[in-house]
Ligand SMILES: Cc1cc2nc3c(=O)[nH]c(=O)nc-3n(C[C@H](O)[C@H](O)[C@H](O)COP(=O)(O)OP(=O)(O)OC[C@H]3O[C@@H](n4cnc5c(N)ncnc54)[C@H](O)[C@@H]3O)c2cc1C
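The chain below stands alone, shown as structure tokens; this is the form predicted alone.
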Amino acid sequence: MQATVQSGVALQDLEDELRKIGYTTGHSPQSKPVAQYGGLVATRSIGQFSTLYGGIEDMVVGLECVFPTGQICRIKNVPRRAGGPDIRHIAIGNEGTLCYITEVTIKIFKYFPENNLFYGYLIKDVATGIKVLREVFVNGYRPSVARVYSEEDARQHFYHFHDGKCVLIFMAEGAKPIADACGQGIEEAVEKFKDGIIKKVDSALIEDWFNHLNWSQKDIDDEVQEMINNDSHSGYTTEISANWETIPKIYDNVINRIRKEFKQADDLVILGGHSSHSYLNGTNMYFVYQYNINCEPEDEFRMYHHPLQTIIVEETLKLGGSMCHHHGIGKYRNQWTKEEHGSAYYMLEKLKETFDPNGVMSFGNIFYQEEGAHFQK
């Protein structure tokens, strides 16, 4: 029940091979056709079925990695061990700042597509959707897909039926008794909060949406060309996480503050968000913003993306959430790394000093570095 691949193996290729024999990776990020395993692990990737199968950190059994000194380390493939700290996590999510990942062993799962169940609802607001998600998860059910979309975000995904409302969707899968029980749990949660439910959506519409969700390389090329042709940016996102009580507060604070403070608010085409990865004790929020660019290309980041992301990060950290649920820190959020980790930044800093003392690995990722400088404490 595990598979070993080198870092350059594409997720879609492994998934296709496993499907032939009745198995699945359980990992399905939107980039599935083009993503490769080294990158998936190095960025602590998550997929659209995470609420059932987990993120990449839940799937990795063992791995091989190489450090700047040339030291090769192989972490053995066992289901669990208590041999000190879990050293897999030095490599998982390191974004190339500590080591390069060269081989990965992951868990695999039985595949039951014949038992897939799809649910969709129009709801009155994001807060109602969060309440339903919480009810499903704290009652122990694990749908593979569980999402709530704001009105504006729903408009770009469900334009053919959203009717200007927020949208709540679920998918249940697995062995038939498990899928059926999960479906029943979803229906019970929706019934409990029926005052916030406007109407149920035909399940075929949800299934069709999901079947066309993933990218292809052509989709990526076409989207980039369209942005160039129209002086617009399509699909910037900043994704955060917090507990159940805090997420609705962060969402409202961010949207209200952007509408009041963002100087280029008239250029916004979409401002909204969706929750798409939930847990027993909380969920994430994908803030989505698209805009027309009315400046020189080199000024776009300074005038649009950075001010928007700053508001999102500040409001999230203010209420104790995480500024980066799964897209990592990279170079775009490294100015807030210390604030994100607080007193635990000491641990992160010492890892960098130990494994990459000369600061040669993935310049500027996670750790803020001035141009031409070595790693700065």
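The numbering used is simple: start at 1 and walk along the sequence shown. These figures come from a predicted structure and were not determined experimentally.
Absent from the display: the form predicted in complex with the ligand. The rest refers to it.
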- Message: Is I101 near the ligand? Define near as a heavy atom within 4.5 Å, in the predicted complex.
- Response: yes
- Message: in the predicted complex, is there a heavy atom of the ligand that lies within 4.5 Å of any heavy atom of V60, even though the partner is absent here?
- Response: no
- Give a yes or no for L308: in the predicted complex, does one of its heavy atoms lie within 4.5 Å of a heavy atom belonging to the ligand? no
- Task: Using the partner position in the predicted complex, report whether Q30 sits within 4.5 Å of the ligand, counting heavy atoms only.
- Result: yes
- Which of these stretches, 33-41, 315-323, 348-356, 334-342, has heavy atoms within 4.5 Å of the ligand in the predicted complex? 33-41
- Task: Pull the contact list for 5-20: residues with a heavy atom within 4.5 Å of the ligand in the predicted complex, in sequence order.
- Result: S7
